[in-house]
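First comes one chain, alone, set out as structure tokens in the form predicted alone.
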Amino acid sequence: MKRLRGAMLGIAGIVLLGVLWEAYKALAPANGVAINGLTVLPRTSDAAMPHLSTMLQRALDPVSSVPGSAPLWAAVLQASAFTLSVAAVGWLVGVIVGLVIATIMQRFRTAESALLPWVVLSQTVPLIALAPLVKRWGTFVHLGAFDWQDWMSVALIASYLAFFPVSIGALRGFSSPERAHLDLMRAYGVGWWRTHLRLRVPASVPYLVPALRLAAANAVIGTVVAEVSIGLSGGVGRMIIDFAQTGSSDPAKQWAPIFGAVIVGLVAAGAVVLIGLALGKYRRNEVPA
């Protein structure tokens, strides 16, 4: 019943957003709300804010007038799958790197003092400025027949955002066992590595699962932004830019990839929920990220 209640609340939230959209469009002025010349609420004209029914109808139509063009929803779904696959690679790499960094920081107090400030400082670098540099550096990577691809740069940016919450959450989790439990492991002569696997890792699950959810959201955001900055075609990030060019003549079309990005985020969050269900017996007293 608890899971069903959560699903119903999620559906109710989506319906409520749709109701608020249509209510704002019906009540707010077409030019939006401005205070002292500064627009504080968006415009509600059909060009800026189409009706939901209009966007739904446009999603069923072909992408363009070219004969044989696929329906808009199919093109967006294909682009969303591409973005999701790149985000999944970035998330997986970020999780591995975050766990390794957290393990090193927990094992060596000097490493924690040296690495933790840099881990926090890494998140202050503007992502939109970092992405072109990563693409540039990737052009110099050549290992035999292996050549660096643009999607790898996007995945690297996604992992850059994903590793931070995992490293912080895992470090908190690895340090959470009580002193009595650690003393018991020492009394039995259990080494550090076995203590880490048998005690610290299970104890970190209540801290790690929320961090994985946050890392999944960061990976999706990083992927979409990096697709725009790098110019990687095939994903919803680049599709948002391409469709925005026809926003004045076909306003409903430009909203389709935005909804595709939302779907990618929901799928990523749902995947982490499944991981959490598999680790349910360790999730006592879960701690927010």
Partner chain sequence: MSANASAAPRPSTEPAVEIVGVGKVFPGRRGAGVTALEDVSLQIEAGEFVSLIGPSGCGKSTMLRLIADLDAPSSGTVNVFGKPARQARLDQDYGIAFQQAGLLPWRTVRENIELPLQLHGAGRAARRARADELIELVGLGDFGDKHPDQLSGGMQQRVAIARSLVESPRLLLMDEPFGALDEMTRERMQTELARLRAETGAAVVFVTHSIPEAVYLSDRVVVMSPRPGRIVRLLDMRLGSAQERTDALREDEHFFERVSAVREALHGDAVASVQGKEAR
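Just so we're clear, the structure is a prediction, and the values are computed from it rather than from any experiment. Positions refer to the first chain, counted from 1.
Here the subject shifts to the form predicted in complex with the partner chain, a form of this protein not shown in this document.
Stretch-level contact check against the partner chain in the predicted bound form with heavy atoms at 4.5 Å: of 82 to 90, 214 to 222, 174 to 182, 147 to 155, the positive one is 174 to 182. Although the partner is absent here, Ala114 is not a contact residue: none of its heavy atoms lies within 4.5 angstroms of the partner chain in the predicted bound form. The partner chain is not drawn, but in the predicted bound form it has a heavy atom within 4.5 Å of Leu199. Taking the partner from elsewhere, Val97 is found to have every heavy atom lying beyond 4.5 Å of the partner chain in the predicted bound form. Residue contact check for Val134: none of its heavy atoms lie within 4.5 Å of the partner chain in the predicted bound form.
Here is the short version: of Leu127, Ile104, Leu77, Val190, the single residue with a heavy atom within 4.5 Å of the partner chain in the predicted bound form is Val190. Annotation: in the predicted bound form, residues Arg58, Trp73 and Leu266 none come within 4.5 Å of the partner chain through any heavy atom.
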